[in-house]
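One chain comes next, on its own, written as C-alpha coordinates: the form predicted alone.
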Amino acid sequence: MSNEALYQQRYDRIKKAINLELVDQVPVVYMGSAFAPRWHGMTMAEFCENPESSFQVNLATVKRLDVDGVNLAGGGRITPLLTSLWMARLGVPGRDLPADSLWQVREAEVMTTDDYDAIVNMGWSAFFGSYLPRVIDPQEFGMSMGWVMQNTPRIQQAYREAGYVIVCDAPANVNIPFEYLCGGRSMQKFFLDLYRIPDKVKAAMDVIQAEQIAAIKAAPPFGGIRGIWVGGWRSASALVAPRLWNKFVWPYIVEQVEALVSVGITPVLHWDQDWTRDLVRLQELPAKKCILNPDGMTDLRKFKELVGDRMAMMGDIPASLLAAGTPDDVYAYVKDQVALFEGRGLILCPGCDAPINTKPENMEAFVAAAREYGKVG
(Lines give C-alpha, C1' and ligand atoms only; values in the text may rest on other atoms or scores of the structure.)
Protein backbone atom coordinates (compact mmCIF):
# COMPACT_ATOMS: atom_id res chain seq x y z
CA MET A 1 0.00 0.00 0.00
CA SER A 2 1.35 3.43 -0.92
CA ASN A 3 1.86 6.04 1.78
CA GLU A 4 -0.94 8.14 0.29
CA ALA A 5 -3.34 5.18 0.40
CA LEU A 6 -2.21 4.45 3.95
CA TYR A 7 -2.79 8.08 4.90
CA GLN A 8 -6.32 7.97 3.48
CA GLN A 9 -7.10 4.74 5.32
CA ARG A 10 -5.92 6.23 8.60
CA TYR A 11 -7.68 9.52 7.94
CA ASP A 12 -10.98 7.73 7.28
CA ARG A 13 -10.50 5.67 10.43
CA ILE A 14 -10.01 8.77 12.59
CA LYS A 15 -12.94 10.58 10.97
CA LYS A 16 -15.19 7.59 11.65
CA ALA A 17 -14.08 7.58 15.29
CA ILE A 18 -14.97 11.28 15.59
CA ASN A 19 -18.37 10.57 14.02
CA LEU A 20 -18.91 7.65 16.44
CA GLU A 21 -19.08 5.18 13.56
CA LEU A 22 -17.84 1.61 13.90
CA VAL A 23 -14.19 1.29 12.85
CA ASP A 24 -12.23 -1.72 11.62
CA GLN A 25 -9.35 -0.83 13.94
CA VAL A 26 -9.30 1.65 16.80
CA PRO A 27 -6.98 4.45 15.63
CA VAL A 28 -3.78 5.11 17.56
CA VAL A 29 -2.09 8.52 17.72
CA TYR A 30 1.05 9.74 19.42
CA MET A 31 1.59 12.61 21.84
CA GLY A 32 4.81 13.00 23.79
CA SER A 33 6.79 16.21 23.42
CA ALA A 34 9.64 15.39 25.78
CA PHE A 35 9.65 11.62 25.30
CA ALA A 36 10.60 11.87 21.62
CA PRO A 37 13.99 13.56 22.09
CA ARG A 38 14.80 11.48 25.17
CA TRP A 39 14.05 8.25 23.24
CA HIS A 40 16.32 9.31 20.38
CA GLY A 41 19.20 10.52 22.55
CA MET A 42 18.66 14.23 21.88
CA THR A 43 19.20 16.64 24.75
CA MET A 44 16.32 18.80 25.91
CA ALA A 45 18.54 21.80 25.24
CA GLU A 46 18.76 20.97 21.54
CA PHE A 47 15.08 20.11 21.38
CA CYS A 48 14.14 23.47 22.89
CA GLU A 49 16.67 25.52 20.92
CA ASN A 50 16.53 24.04 17.41
CA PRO A 51 13.06 24.16 15.80
CA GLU A 52 14.06 21.84 12.98
CA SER A 53 15.40 19.25 15.42
CA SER A 54 12.09 19.38 17.29
CA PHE A 55 10.16 18.65 14.10
CA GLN A 56 12.47 15.90 12.91
CA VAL A 57 12.62 14.00 16.20
CA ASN A 58 8.83 14.03 16.55
CA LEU A 59 8.38 12.68 13.03
CA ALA A 60 11.09 10.07 13.63
CA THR A 61 9.25 8.90 16.75
CA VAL A 62 5.97 8.54 14.87
CA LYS A 63 7.71 6.52 12.15
CA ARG A 64 9.45 4.33 14.72
CA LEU A 65 6.15 3.57 16.47
CA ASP A 66 4.17 3.42 13.18
CA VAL A 67 0.93 4.71 14.63
CA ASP A 68 -1.97 6.20 12.66
CA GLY A 69 -0.99 9.77 13.38
CA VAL A 70 -0.29 12.43 15.98
CA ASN A 71 -2.32 14.69 18.23
CA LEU A 72 -0.01 17.64 17.42
CA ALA A 73 2.69 17.57 14.76
CA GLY A 74 5.49 19.07 16.84
CA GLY A 75 8.10 21.37 15.41
CA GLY A 76 9.33 24.76 16.43
CA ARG A 77 10.57 25.78 19.83
CA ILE A 78 8.22 24.61 22.56
CA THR A 79 9.17 27.11 25.28
CA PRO A 80 8.05 30.28 23.41
CA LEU A 81 4.85 28.48 22.49
CA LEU A 82 4.16 27.65 26.12
CA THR A 83 4.92 31.22 27.12
CA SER A 84 2.23 32.38 24.68
CA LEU A 85 -0.30 30.02 26.28
CA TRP A 86 0.56 30.67 29.92
CA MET A 87 1.92 34.24 29.79
CA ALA A 88 4.64 33.08 32.15
CA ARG A 89 8.40 32.88 32.18
CA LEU A 90 9.90 29.49 31.47
CA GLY A 91 13.15 27.96 32.61
CA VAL A 92 14.82 26.66 29.45
CA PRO A 93 17.15 23.62 29.39
CA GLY A 94 20.69 24.55 28.42
CA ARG A 95 20.09 28.16 29.37
CA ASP A 96 18.48 28.33 32.79
CA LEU A 97 18.51 24.62 33.59
CA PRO A 98 20.75 21.59 33.01
CA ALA A 99 20.90 20.62 29.35
CA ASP A 100 18.89 17.42 29.68
CA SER A 101 16.28 18.51 32.21
CA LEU A 102 12.67 19.35 31.42
CA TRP A 103 11.58 22.94 30.83
CA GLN A 104 9.85 24.54 33.83
CA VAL A 105 7.11 27.13 34.17
CA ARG A 106 8.14 29.76 36.70
CA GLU A 107 4.97 30.44 38.62
CA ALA A 108 4.94 34.11 39.55
CA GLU A 109 2.70 37.16 39.68
CA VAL A 110 3.70 38.94 36.46
CA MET A 111 0.36 40.53 35.57
CA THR A 112 -1.09 43.05 38.01
CA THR A 113 -4.70 43.89 38.75
CA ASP A 114 -4.23 47.10 36.75
CA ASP A 115 -3.60 44.97 33.69
CA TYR A 116 -7.24 43.91 33.61
CA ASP A 117 -8.11 47.54 32.86
CA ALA A 118 -5.27 47.72 30.34
CA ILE A 119 -6.72 44.77 28.41
CA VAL A 120 -10.11 46.46 28.28
CA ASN A 121 -8.64 49.79 27.19
CA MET A 122 -6.00 48.55 24.75
CA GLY A 123 -7.58 45.40 23.37
CA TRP A 124 -6.13 41.93 23.81
CA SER A 125 -3.63 41.84 20.93
CA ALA A 126 -2.12 45.22 21.78
CA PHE A 127 -1.88 44.33 25.46
CA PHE A 128 -0.31 40.96 24.71
CA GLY A 129 2.35 42.61 22.59
CA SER A 130 3.16 45.09 25.35
CA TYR A 131 3.17 42.32 27.96
CA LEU A 132 5.56 39.92 26.22
CA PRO A 133 8.81 41.63 27.29
CA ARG A 134 7.95 40.80 30.89
CA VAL A 135 8.20 37.06 30.20
CA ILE A 136 10.31 36.56 27.06
CA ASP A 137 12.56 38.49 24.72
CA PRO A 138 10.22 39.79 21.99
CA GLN A 139 12.76 39.16 19.24
CA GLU A 140 13.17 35.56 20.35
CA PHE A 141 9.41 35.14 20.48
CA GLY A 142 8.90 36.71 17.06
CA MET A 143 11.58 34.55 15.43
CA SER A 144 10.13 31.40 17.01
CA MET A 145 6.57 32.08 15.95
CA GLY A 146 7.77 33.20 12.52
CA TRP A 147 9.53 29.86 12.02
CA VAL A 148 6.35 28.00 12.90
CA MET A 149 4.21 30.03 10.50
CA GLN A 150 6.72 29.62 7.67
CA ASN A 151 7.30 25.90 8.16
CA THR A 152 3.88 24.55 9.19
CA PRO A 153 2.84 23.70 5.59
CA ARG A 154 6.11 21.79 5.10
CA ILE A 155 5.67 19.93 8.38
CA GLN A 156 2.11 18.94 7.57
CA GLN A 157 3.11 17.77 4.11
CA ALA A 158 5.96 15.67 5.53
CA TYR A 159 3.58 13.81 7.83
CA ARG A 160 1.14 13.19 4.99
CA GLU A 161 3.85 11.97 2.63
CA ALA A 162 4.94 9.52 5.34
CA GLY A 163 1.35 8.29 5.71
CA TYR A 164 0.51 9.83 9.09
CA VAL A 165 -2.49 11.96 10.04
CA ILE A 166 -2.30 15.10 12.18
CA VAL A 167 -5.44 15.46 14.30
CA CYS A 168 -4.86 19.09 15.35
CA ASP A 169 -3.93 20.64 12.02
CA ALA A 170 -6.35 23.58 11.80
CA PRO A 171 -4.83 27.01 11.07
CA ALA A 172 -6.03 28.79 14.19
CA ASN A 173 -4.91 29.23 17.77
CA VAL A 174 -7.31 29.73 20.66
CA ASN A 175 -7.23 29.54 24.43
CA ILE A 176 -9.96 30.33 26.91
CA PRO A 177 -9.36 33.65 28.73
CA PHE A 178 -9.24 31.96 32.13
CA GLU A 179 -6.01 30.16 31.26
CA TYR A 180 -4.21 33.22 29.93
CA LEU A 181 -5.03 35.32 32.96
CA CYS A 182 -4.41 32.58 35.51
CA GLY A 183 -0.95 32.00 34.05
CA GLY A 184 -0.06 35.68 34.03
CA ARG A 185 -1.42 36.50 37.48
CA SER A 186 -0.29 33.18 39.06
CA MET A 187 -2.81 30.66 40.27
CA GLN A 188 -3.06 31.92 43.84
CA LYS A 189 -3.52 35.58 42.90
CA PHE A 190 -5.94 34.87 40.09
CA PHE A 191 -8.23 32.70 42.16
CA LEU A 192 -8.38 35.48 44.76
CA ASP A 193 -9.24 37.94 41.95
CA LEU A 194 -12.23 35.81 41.01
CA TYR A 195 -13.67 36.50 44.46
CA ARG A 196 -12.40 40.03 45.10
CA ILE A 197 -12.74 41.76 41.71
CA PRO A 198 -14.93 39.46 39.59
CA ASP A 199 -16.37 42.24 37.41
CA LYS A 200 -12.91 43.52 36.49
CA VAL A 201 -11.76 40.00 35.60
CA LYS A 202 -14.84 39.29 33.51
CA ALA A 203 -14.52 42.56 31.60
CA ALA A 204 -10.99 41.58 30.56
CA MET A 205 -12.10 38.03 29.72
CA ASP A 206 -14.84 39.34 27.44
CA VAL A 207 -12.35 41.46 25.49
CA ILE A 208 -10.01 38.47 25.07
CA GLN A 209 -12.89 36.24 24.05
CA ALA A 210 -14.13 38.65 21.37
CA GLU A 211 -10.72 38.63 19.69
CA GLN A 212 -10.46 34.85 19.99
CA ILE A 213 -13.85 34.40 18.30
CA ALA A 214 -12.82 36.79 15.53
CA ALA A 215 -9.64 34.76 14.96
CA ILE A 216 -11.67 31.56 14.73
CA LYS A 217 -14.03 33.02 12.15
CA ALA A 218 -11.06 34.23 10.08
CA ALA A 219 -9.34 30.83 10.00
CA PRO A 220 -8.54 29.84 6.39
CA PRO A 221 -10.47 26.81 5.10
CA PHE A 222 -7.75 24.20 4.81
CA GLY A 223 -6.53 21.23 6.79
CA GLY A 224 -7.36 17.54 7.04
CA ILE A 225 -9.05 16.59 10.30
CA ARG A 226 -9.11 20.33 11.10
CA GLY A 227 -8.79 19.80 14.83
CA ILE A 228 -7.71 22.45 17.31
CA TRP A 229 -7.17 22.39 21.06
CA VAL A 230 -9.59 24.15 23.33
CA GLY A 231 -7.37 23.87 26.36
CA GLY A 232 -8.23 23.64 30.01
CA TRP A 233 -5.96 22.82 32.92
CA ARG A 234 -6.29 25.31 35.79
CA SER A 235 -9.94 25.80 34.82
CA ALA A 236 -10.74 22.14 35.59
CA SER A 237 -13.83 21.19 37.56
CA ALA A 238 -11.72 19.79 40.39
CA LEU A 239 -10.03 23.16 40.91
CA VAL A 240 -12.80 25.73 40.48
CA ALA A 241 -15.96 26.09 42.59
CA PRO A 242 -19.16 25.52 40.59
CA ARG A 243 -20.35 29.11 40.99
CA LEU A 244 -17.11 30.43 39.54
CA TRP A 245 -16.81 27.71 36.91
CA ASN A 246 -20.28 28.48 35.57
CA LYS A 247 -19.38 32.14 35.19
CA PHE A 248 -15.71 32.23 34.21
CA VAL A 249 -15.09 28.91 32.45
CA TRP A 250 -17.99 27.13 30.82
CA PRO A 251 -19.63 29.99 28.86
CA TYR A 252 -16.29 30.76 27.18
CA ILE A 253 -15.73 27.12 26.26
CA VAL A 254 -19.22 26.85 24.77
CA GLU A 255 -18.84 30.00 22.69
CA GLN A 256 -15.45 28.94 21.35
CA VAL A 257 -16.64 25.42 20.54
CA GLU A 258 -19.70 26.67 18.71
CA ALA A 259 -17.61 29.16 16.73
CA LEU A 260 -15.12 26.47 15.75
CA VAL A 261 -17.82 24.06 14.63
CA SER A 262 -19.47 26.80 12.59
CA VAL A 263 -16.34 27.11 10.40
CA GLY A 264 -15.73 23.37 10.10
CA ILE A 265 -13.05 22.99 12.77
CA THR A 266 -13.13 20.08 15.22
CA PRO A 267 -12.74 21.27 18.85
CA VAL A 268 -10.35 19.02 20.75
CA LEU A 269 -11.12 19.57 24.43
CA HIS A 270 -7.60 19.14 25.75
CA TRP A 271 -8.56 18.97 29.41
CA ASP A 272 -5.96 18.25 32.05
CA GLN A 273 -6.88 17.52 35.66
CA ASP A 274 -10.27 16.10 36.70
CA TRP A 275 -13.39 17.35 34.87
CA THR A 276 -15.72 14.55 36.07
CA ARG A 277 -18.03 16.85 38.02
CA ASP A 278 -19.13 18.71 34.91
CA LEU A 279 -19.07 16.00 32.24
CA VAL A 280 -22.85 16.20 31.94
CA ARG A 281 -22.41 19.71 30.53
CA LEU A 282 -20.83 18.20 27.43
CA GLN A 283 -24.39 17.36 26.39
CA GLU A 284 -24.74 21.07 25.59
CA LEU A 285 -22.08 20.94 22.86
CA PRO A 286 -22.75 19.98 19.21
CA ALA A 287 -23.05 16.20 18.85
CA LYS A 288 -20.37 14.27 16.93
CA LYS A 289 -18.34 17.42 16.33
CA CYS A 290 -15.91 17.44 19.29
CA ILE A 291 -13.26 15.25 20.89
CA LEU A 292 -12.54 14.99 24.61
CA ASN A 293 -8.76 14.74 25.16
CA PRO A 294 -8.20 14.13 28.92
CA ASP A 295 -5.04 13.28 30.85
CA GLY A 296 -5.95 10.20 32.88
CA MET A 297 -7.74 11.96 35.74
CA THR A 298 -11.29 12.35 34.38
CA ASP A 299 -13.65 9.39 34.88
CA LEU A 300 -14.06 7.84 31.42
CA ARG A 301 -16.84 5.51 32.50
CA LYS A 302 -18.84 8.54 33.55
CA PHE A 303 -17.98 10.19 30.24
CA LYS A 304 -19.16 7.12 28.30
CA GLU A 305 -22.37 6.96 30.33
CA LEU A 306 -23.25 10.64 29.90
CA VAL A 307 -22.03 11.57 26.43
CA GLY A 308 -20.68 8.44 24.80
CA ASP A 309 -23.37 8.75 22.12
CA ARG A 310 -22.41 12.37 21.37
CA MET A 311 -18.63 12.77 21.57
CA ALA A 312 -15.43 10.86 20.82
CA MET A 313 -12.54 10.53 23.27
CA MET A 314 -8.84 10.74 22.42
CA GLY A 315 -6.61 9.35 25.13
CA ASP A 316 -6.25 8.34 27.84
CA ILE A 317 -3.15 6.35 28.80
CA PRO A 318 -2.01 8.09 32.02
CA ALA A 319 1.45 9.61 32.34
CA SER A 320 1.94 7.75 35.62
CA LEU A 321 1.30 4.42 33.89
CA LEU A 322 3.73 5.14 31.05
CA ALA A 323 6.44 6.25 33.49
CA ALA A 324 6.01 3.87 36.41
CA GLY A 325 3.94 0.96 35.13
CA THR A 326 4.94 -2.20 33.31
CA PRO A 327 4.08 -3.35 29.78
CA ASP A 328 1.55 -5.74 31.32
CA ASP A 329 -0.08 -2.82 33.12
CA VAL A 330 -0.28 -0.90 29.86
CA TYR A 331 -1.79 -3.88 28.04
CA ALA A 332 -4.46 -4.24 30.73
CA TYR A 333 -5.34 -0.54 30.63
CA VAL A 334 -5.65 -0.48 26.85
CA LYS A 335 -7.74 -3.65 26.84
CA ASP A 336 -10.19 -2.16 29.38
CA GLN A 337 -10.42 1.09 27.46
CA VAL A 338 -11.17 -0.59 24.14
CA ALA A 339 -13.81 -2.75 25.81
CA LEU A 340 -15.45 0.31 27.34
CA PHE A 341 -15.88 2.05 23.98
CA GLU A 342 -16.82 -1.06 21.98
CA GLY A 343 -15.21 0.12 18.76
CA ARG A 344 -16.88 3.53 18.56
CA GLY A 345 -15.71 7.00 19.48
CA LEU A 346 -12.22 6.06 20.67
CA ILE A 347 -8.83 7.30 19.49
CA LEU A 348 -6.10 5.78 21.63
CA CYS A 349 -3.42 8.23 22.71
CA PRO A 350 -1.24 9.04 25.73
CA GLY A 351 -3.21 11.15 28.19
CA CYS A 352 -2.20 14.78 27.65
CA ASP A 353 1.45 14.06 26.89
CA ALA A 354 3.71 11.06 27.40
CA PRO A 355 6.16 12.27 30.06
CA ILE A 356 9.90 12.63 29.64
CA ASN A 357 10.51 9.54 31.79
CA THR A 358 8.18 7.26 29.83
CA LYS A 359 9.70 3.80 29.64
CA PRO A 360 10.27 2.96 25.96
CA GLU A 361 8.94 -0.54 26.53
CA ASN A 362 5.70 0.95 27.87
CA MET A 363 5.28 3.18 24.82
CA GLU A 364 5.87 0.22 22.55
CA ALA A 365 3.44 -1.85 24.62
CA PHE A 366 0.80 0.88 24.25
CA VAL A 367 0.98 0.70 20.46
CA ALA A 368 1.14 -3.10 20.38
CA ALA A 369 -1.82 -3.44 22.75
CA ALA A 370 -3.82 -0.95 20.72
CA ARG A 371 -3.22 -2.97 17.57
CA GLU A 372 -4.02 -6.27 19.29
CA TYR A 373 -7.13 -5.28 21.22
CA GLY A 374 -8.30 -2.54 18.87
CA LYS A 375 -9.35 -4.84 16.05
CA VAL A 376 -13.11 -4.68 15.69
CA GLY A 377 -15.10 -7.57 14.26
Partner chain sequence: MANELAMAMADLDEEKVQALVKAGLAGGVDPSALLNECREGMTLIGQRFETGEYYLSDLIMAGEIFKTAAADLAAQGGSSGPTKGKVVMGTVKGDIHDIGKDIVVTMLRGANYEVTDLGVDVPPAKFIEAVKETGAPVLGMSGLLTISFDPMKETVAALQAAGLRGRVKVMIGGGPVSEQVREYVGADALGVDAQAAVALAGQWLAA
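Residue numbers count along the first chain shown, from 1. These numbers were taken from a predicted model, which means no experiment stands behind them.
The discussion below concerns the form predicted in complex with the partner chain, not included here.
- Comparing 79 to 87, 257 to 265, 195 to 203, 117 to 125 against the partner chain in the model of the complex, the single stretch with non-hydrogen atoms within 4.5 angstroms of it is 195 to 203.
- Taking 144, 237, 156, 209 one by one, only a single residue has any non-hydrogen atom within 4.5 Å of the partner chain in the model of the complex, and it is 237.
- Only one of 244, 213, 108, 306 lies close to the partner chain in the model of the complex, with a heavy atom inside 4.5 Å, and it is 244.
- Residue contact check for residue 356: one or more of its heavy atoms lie within 4.5 Å of the partner chain in the model of the complex.
- Heavy atoms of residue 277 reach within 4.5 Å of the partner chain in the model of the complex, making it an interface residue.
- Within this chain, residue 43 is remote from the site of the partner chain in the model of the complex, having no heavy atom within 4.5 Å.
- When the partner chain is considered in the model of the complex, residue 319 lines it closely, a heavy atom lying within 4.5 Å.
- The putative spot formed by 188, 191 and 329 is fully lined by the partner chain in the model of the complex; each residue has a non-hydrogen atom within 4.5 angstroms of it.
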